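Before any questions on how it binds or moves, here is one chain, the form predicted alone, in structure tokens.
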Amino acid sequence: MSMGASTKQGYEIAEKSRKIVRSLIDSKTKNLTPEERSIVERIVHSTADPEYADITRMSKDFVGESLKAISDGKEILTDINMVKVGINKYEGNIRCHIGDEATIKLAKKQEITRAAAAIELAASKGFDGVVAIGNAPTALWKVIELVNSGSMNVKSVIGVPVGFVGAAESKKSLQETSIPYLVTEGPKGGTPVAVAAVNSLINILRSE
């Protein structure tokens, strides 16, 4: 787990950090698969917050479905550009429609948030891949709505919106679906968590 390191000093720091993270969360991750553990470790490392080992939840099929999708070069859809630019070493397409003119028009027409409109636009363009949501609960609810109605195909969803309005509720709603998911329970989440989860999946495949 290089954690983005690319130099000798960087690798040394990453290795030291990895050992510290493992010492902090070892007892909390002992029942996870090696892949699940790697994801949680990277999230904790990226946030410097061991509590994520307690609140990160994955469906049993999340890792398998996500790795298959990424291995097949499926697209990754993000809710905001910060999540998009944080994903690295992926050879497939990474999409974010939050700033598209069509998204702005759709949001105004339907009186919904731009984040939700961006998801709807992606669905209309035939998106079929992995969704990573690190900011907007409305985007996560829109994914759930569209998947349930048969209007959107997704392989898995990283649903980690952050905040005190709708974040916890949207993540709970995702857990009640049949969609392969990773969530962080409660209000915690955000861009670093979403990016860490995606990059960890990519790193697992590269290591294999």
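From 1 onward, residues are counted along the sequence shown. Computed from a prediction, not measured in an experiment: that's the story for all the values here.
What comes next is about the form predicted together with another copy of the chain, which does not appear here.
Engineer: Please tell me which of Asn153, Thr47, Thr177, Thr33 lies within 4.5 Å of another copy of the chain in the predicted bound form, judged by heavy atoms.
Structural biologist: That would be Thr47.
Engineer: Scan Asp72, Glu91, Glu101, Glu111 and let me know which has any heavy atom within 4.5 Å of another copy of the chain in the predicted bound form.
Structural biologist: Selected residue: Glu111.
Engineer: Counting heavy atoms only and using a 4.5 Å cut-off, do Lys16, Leu24 and Val85 all touch another copy of the chain in the predicted bound form?
Structural biologist: Heavy-atom distance to another copy of the chain in the predicted bound form: all three under 4.5 Å.
Engineer: Given that the partner is absent here, does Ala107 sit within 4.5 Å of another copy of the chain in the predicted bound form, heavy atoms only?
Structural biologist: Contact with another copy of the chain, yes.
Engineer: Examine Ser200 and determine whether its closest non-hydrogen atom to another copy of the chain in the predicted bound form is within 4.5 angstroms.
Structural biologist: Ser200 lies outside the contact set for another copy of the chain.
Engineer: Is Thr7 close enough to another copy of the chain in the predicted bound form to count, meaning some heavy atom within 4.5 Å?
Structural biologist: Thr7: contacts another copy of the chain in the predicted bound form.
Engineer: Can any non-hydrogen atom of Asn81 be found within 4.5 angstroms of another copy of the chain in the predicted bound form?
Structural biologist: Flag for Asn81 set to yes.
Engineer: Tell me, please, which stretch of 143 to 151, 177 to 185, 164 to 172, 62 to 70 lies within 4.5 angstroms of another copy of the chain in the predicted bound form when heavy atoms are compared?
Structural biologist: Stretch 164 to 172 is the one.
Engineer: Can you tell me which residues in 168 to 195 come within 4.5 angstroms of another copy of the chain in the predicted bound form, by heavy atoms?
Structural biologist: Stretch hits, in order: Pro187, Lys188, Thr191, Pro192, Val195.
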